[in-house]
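What follows is a single chain, given as structure tokens, in the form predicted on its own.
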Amino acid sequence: MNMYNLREYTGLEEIAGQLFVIRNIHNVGYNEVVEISEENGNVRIGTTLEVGEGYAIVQVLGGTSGLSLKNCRVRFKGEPLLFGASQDMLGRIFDGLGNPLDGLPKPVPEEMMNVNGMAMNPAARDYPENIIETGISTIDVMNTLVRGQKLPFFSGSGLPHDLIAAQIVRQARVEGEGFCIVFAGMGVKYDTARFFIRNFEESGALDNVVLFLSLADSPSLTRLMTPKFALTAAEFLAFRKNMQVLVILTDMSNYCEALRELSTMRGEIPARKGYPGYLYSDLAGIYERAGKIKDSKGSITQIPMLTMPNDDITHPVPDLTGYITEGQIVVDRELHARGIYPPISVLPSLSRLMKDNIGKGKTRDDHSELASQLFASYAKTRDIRAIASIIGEEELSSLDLVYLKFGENFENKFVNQSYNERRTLQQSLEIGWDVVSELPEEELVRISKDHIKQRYRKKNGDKNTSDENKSA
């Protein structure tokens, strides 16, 4: 018997869903690749999910249907699951396990990489800096996305987060060259997958995108592997090819549902809402693969998108995601019902890395002050609306009515923009000044006198001149 056959065993002890248990084996490693040979000669791939003294629990990526307990042959490869990464991945469409879906052969790999990720030493991390323009005013001005950041979208069922994701893919820009996008869809419906593919093809964005799609009818284990393959591709492009990589993961709620399903198969004691107790560490294993490394020109920026069940932001998935990431963008159902797109609610949204990457020497001198003023003024508008709903608008002061007008213009001019409209940061800032110029000068408490003089008075002067021309 040669050394290769020493790692091959026949017969399983138990099959449960997409898992099987095998005993009386040599001690194997965690996340080790397993080849499962059927009686008809077909070979499936799996990985060890749990290991112990003389036994292993294996998750089968193609499912366990048709496997025989007695005659199934299992071979342990002694290595983790690898993905053949190459720059030729750009412009290609893969399934959740890295197999081509576009009818073309697999790219010739430049490097075989462990899909479980590169160990990133915290001391080697560099602080995220330099913004990524998305072309969406509410993000670029008020919740700025920074290279190396993790900025999730909290959405709900029926809200247009897929449209927003596609728009960001088409519109995102960084200064200089070497920018690309890795897009991973987990548990997406067939029509949604077709929408993404068609949208990227027609806009020409697909040439700069690596697309991984795990459809809703795929096994739950495929959903769990999809972000790993996508992030492995991103790590190759960022840290081997020195590119600025934006990774969009949708929908992380489907990923967590698959994790809960796997936990149930293993008979684990559930924690909150039936999710496993290790949900936090599992999500962290995905999100923490974003970032920048010292002495490396590349970076990985993440936008995870998730749908909150019943729009509950305290649900375990958004709750734990918020702890791990650096902010959140909240998609609002009320704005969507009023026909405002993108329906991003700016008040509960936050980008924790924004303050260090805007303003003088970063974007524009007035950026920080204008964003702060827009936040404060819109918050006051929401308070006045709540009062008006009780006592009626006729009981409000003249200043309150001005704020109501400001809130209407803020939502209709600044927040609202066409799906096909890409605004530069400069255009978004100017629209912000147009809106805030509706307020009296003494209300602009967040803006310096210099910027009031340079921009506010100029806007009001232009507006007054325009009004005089209309009167004439």
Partner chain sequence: MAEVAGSVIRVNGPVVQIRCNRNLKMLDMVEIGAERLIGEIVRLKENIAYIQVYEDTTSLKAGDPVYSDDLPLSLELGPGLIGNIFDGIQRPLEMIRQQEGDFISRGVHINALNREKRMHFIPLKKQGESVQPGDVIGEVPETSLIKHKILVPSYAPAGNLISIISEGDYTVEEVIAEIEGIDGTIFPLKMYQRWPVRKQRPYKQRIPVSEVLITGQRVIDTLFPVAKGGCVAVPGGFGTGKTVVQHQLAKWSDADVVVFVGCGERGNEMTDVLRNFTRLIDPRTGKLLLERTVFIANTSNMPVAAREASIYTGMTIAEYYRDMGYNVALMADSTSRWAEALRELAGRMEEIPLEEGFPSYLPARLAEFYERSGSVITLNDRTGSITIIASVSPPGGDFSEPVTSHTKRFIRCFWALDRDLAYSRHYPAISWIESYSEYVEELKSWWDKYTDGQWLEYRYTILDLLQQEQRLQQVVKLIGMDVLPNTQKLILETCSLFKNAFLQQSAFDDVDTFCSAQKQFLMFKAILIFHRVSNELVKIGVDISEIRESSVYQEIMRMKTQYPENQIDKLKQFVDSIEENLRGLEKK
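We call the rigid core whatever largest set of C-alpha positions still superposes within 1.5 Å between the two forms. Residue numbers count along the first chain shown, from 1. Quick caveat, the model's predicted, so the values are computed rather than measured.
Although not depicted, the form predicted together with its partner chain is the subject of the following passage.
| task | Let me know the one among Thr264, Asn130, Ser281, Ser203 whose heavy atoms come within 4.5 Å of its partner chain in the predicted complex, would you? | result | Residue within 4.5 Å of the partner: Ser281.
| Of Asp217, Asp191, Glu334, Glu395, which one comes within 4.5 Å of its partner chain in the predicted complex, counting heavy atoms only? | If I apply the 4.5 Å criterion carefully, the residue I get is Glu395.
| Would you say all of Met118, Phe154 and Gly285 touch its partner chain in the predicted complex, counting a heavy atom within 4.5 Å as a touch? | Per the other structure, all of Met118, Phe154 and Gly285 touch its partner chain.
| said: So if I measure heavy atom distances to its partner chain in the predicted complex, which of the stretches 241 to 249, 266 to 274, 191 to 199, 84 to 92 falls within 4.5 Å? | reply: Residues of 266 to 274 come within 4.5 Å of the partner.
| Would Glu438 sit within 4.5 Å of its partner chain in the predicted complex, counting heavy atoms only? | Heavy-atom contact with its partner chain at 4.5 Å: absent for Glu438.
| field | Non-hydrogen atom contact Thr314 with its partner chain in the predicted complex at 4.5 angstroms | value | It does: once its partner chain is placed as it appears in the predicted complex, Thr314 has a heavy atom within 4.5 Å of it.
| said: I'd like to know whether Arg75 contacts its partner chain in the predicted complex, with contact meaning heavy atoms within 4.5 angstroms. | reply: No, Arg75 sits far enough from its partner chain in the predicted complex that none of its heavy atoms falls within 4.5 Å.
| field | Asn31 within 4.5 Å of its partner chain in the predicted complex, heavy atoms | value | Answer yes; at least one heavy atom of Asn31 falls within 4.5 Å of its partner chain in the predicted complex.
| request: Residue by residue through 293 to 332, tell me which have a non-hydrogen atom within 4.5 angstroms of its partner chain in the predicted complex. | output: Going through 293 to 332 in order - heavy atoms within 4.5 Å of its partner chain in the predicted complex - the hits are Ile293, Lys294, Asp295, Ile313, Thr314, Pro318, Asp319, Gly322, Tyr323, Ile324, Thr325, Glu326, Gln328.
| query | Quick one: core overlaid, is Ile313 moving 2 Å or more at the Cα between this form and the one not shown? | reply | No; Ile313 is a residue whose C-alpha shifts by less than 2 Å between this form and the one not shown when the cores are overlaid.
| Does the distance between the two CA positions of Glu443 reach 2 Å or more between this form and the one not shown, the core being superposed? | For Glu443, whose C-alpha is compared between this form and the one not shown after core superposition, the shift is 2 Å or more.
| Post core alignment: Pro270 C-alpha displaced by 2 Å or more between this form and the one not shown | Yes: Pro270 shifts by at least 2 Å between this form and the one not shown.
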